[in-house]
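Let's start with one chain on its own, the form predicted on its own, as structure tokens.
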């Protein structure tokens, strides 16, 4: 049903637009016949993990696709980050953007490394090399960049800065599989790059991740670290961990690699459909991808200027959620305002003005193979309806929420 009036919105009593829900990151599924066939083969082999034939095949195909010398498949992206830090023997402080998923910072903290939160560039939303330069101290051991929403970091400036101060470079490339930067496929930058193949990513292996590098010695060390540090049957050479990917995840990854062109095409078509459908909505700007690099188009990110739109980002998200459109506020409120960092005195006075502005304005919409052009048109019409009637919507939300708040207070008082 087309929503033409405020009363049509579910929040105000109308019928829900998407009773089956639209989610950001609904999994893309590869060839089911391939999956079933090879799952049976795994069960017949009775080799479920510990570097079976499918892991080897998966790593080989990934390395070939990315054009790198070494790819080590791992159980998830967070463990992959931790193993990367351990392989590089990082310690002390590592500079990292606060505008990222909290796992990026947590992976450092788990290793006893202090995350030093850096602001981001206001255009690319990736780590700001100029601010990073100001944060370097004698305790700094590395810079951890994040290729956000498929857009690469300013790798050239980061590399120059790292060389000047003899720092290591790691990239969290969890958003950037199948993307490129300045004509080079992401996977080739820094000492190593880390990918996530979580179910929400454009390409998934149920749950999984990988480290890629062109450094032979680092690759050898990573392979030891992911398997408890075993260098032989009963010889342990490093303090390792169990970071191995299992065979079922590997066949899901192989099926996904074969279907990747279809996933990428669906994402690009959805992006273009959103771009057209959202055009002209005042105060709402779609994050655009240029034609100079390859992108996976897996993130449909909107920037809401409340002064122009007449309504803020959170209001739009709340009204979309009521309609069954599970939009996401990325990356609210910023890692430095999450625990355990927010309550730590060393982070109390840091100023990240770009990050703090972006966390109040940006949100992401559903895309992928589960979203069709009709869905996109309906979502855009809802956003347009909200913005075009922002003044009345703000008034009605205030009127309808106030009594509910008072009732909650009365009920809690009665229970007490």
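Positions refer to the first chain, counted from 1. As the structure is a computational prediction, the values presented were derived from the model and not from experiment.
Just so it is clear, the following notes concern the form predicted together with a small molecule, a form of the same protein that is not shown.
Heavy atoms within 4.5 Å of the small molecule in the predicted bound form are found in one stretch of 276-284, 162-170, 261-269, 198-206, which is 198-206.
Remark: residue 27 counts among the residues lining the small molecule in the predicted bound form, judged by a heavy atom distance of 4.5 Å or less. For residue 181, no non-hydrogen atom is located within 4.5 Å of the small molecule in the predicted bound form, even though that partner is not displayed. The small molecule is not shown here, but in the predicted bound form it comes within 4.5 Å of a heavy atom of residue 328.
For residue 18, no non-hydrogen atom is located within 4.5 Å of the small molecule in the predicted bound form, even though that partner is not displayed. Across the proposed site, 76, 101 and 175 without exception bring a heavy atom within 4.5 Å of the small molecule in the predicted bound form. Contact annotation: of the candidates 95, 300, 319, 146, the single residue with a non-hydrogen atom within 4.5 angstroms of the small molecule in the predicted bound form is 146. Screening 158, 250, 87, 81 for any heavy atom within 4.5 Å of the small molecule in the predicted bound form leaves a single hit, 81.
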